[in-house]
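Only one chain is given next, in structure tokens, and it is the form predicted on its own.
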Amino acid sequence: MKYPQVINDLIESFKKLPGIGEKTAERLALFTLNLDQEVLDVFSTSLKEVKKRVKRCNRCNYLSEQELCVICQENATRDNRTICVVEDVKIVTLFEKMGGYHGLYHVLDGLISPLDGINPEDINLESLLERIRKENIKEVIIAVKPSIEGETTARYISKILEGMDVVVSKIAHGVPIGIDMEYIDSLTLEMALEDRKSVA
């Protein structure tokens, strides 16, 4: 394309985002030329700051700017004896938007998948065990996608929690096998949460 190099660089930058192809990247790059300088300054600053300031919560592994995330800081309004175990941070946001769950979370950052070389020690399981031992947790709800990896992870968690004074359940799945949790509508997710079952 015969654009000035700075525009070509911007197009290449946009293409690095998920779901952005050549044409969309070009359209976004050209659109930025029409934005007010103030909007561009905020956008630019936000991009820099998010990388510098956002880290993981020391307790649940969700996104935070401090030692503890905003959810873990809500002790007075949360059920501190229940942990919902999720695959990634996007699912925490999904549950929070739904508004029907008031317990705590634990982000695994992946699912067990031996075929892909992801073993139990490669995801955030050790800190889950530590939390259950230290925080008087009474129920662990496993909310992972209905897939072979999800089932493997759920069964593994259930196995390692055997003998501990904690109920292990998983959300019911009224959705097709293999669908990503982030694409489930809120009503289906809420019904699945209410109809959760014990892990055998």
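One-based numbering along the sequence shown. This structure is a prediction, so every number in the text was calculated from the model and none was measured.
If you look for the form predicted in complex with another copy of the chain, you will not find it shown, but the lines that follow are about it.
Non-hydrogen atom contact Ser147 with another copy of the chain in the model of the complex at 4.5 angstroms: Outside the cut-off, so no.
Exercise: Lys90 in contact with another copy of the chain in the model of the complex, heavy atom 4.5 Å: Result yes; Lys90 sits at the interface with another copy of the chain in the model of the complex.
Interface membership of Lys159, another copy of the chain in the model of the complex, 4.5 Å heavy atom rule: No, Lys159 stays farther than 4.5 Å from another copy of the chain in the model of the complex.
Another copy of the chain contact in the model of the complex: Glu139, any heavy atom under 4.5 Å: So Glu139 does not count as contacting another copy of the chain.
Single option in Asp122, Glu96, Glu126, Asp79 placed near another copy of the chain in the model of the complex, where near means a heavy atom within 4.5 Å: None of the others qualify; the residue that does is Glu96.
In the model of the complex, segment of 164-172, 130-138, 149-157, 52-60 with a heavy atom within 4.5 Å of another copy of the chain: Only one stretch qualifies here: 52-60.
Contacts with another copy of the chain in the model of the complex - residues in 57-83 whose heavy atoms fall within 4.5 Å: Residues within 4.5 Å: Tyr62, Leu63, Ser64, Glu65, Val70, Ile71, Glu74, Arg78.
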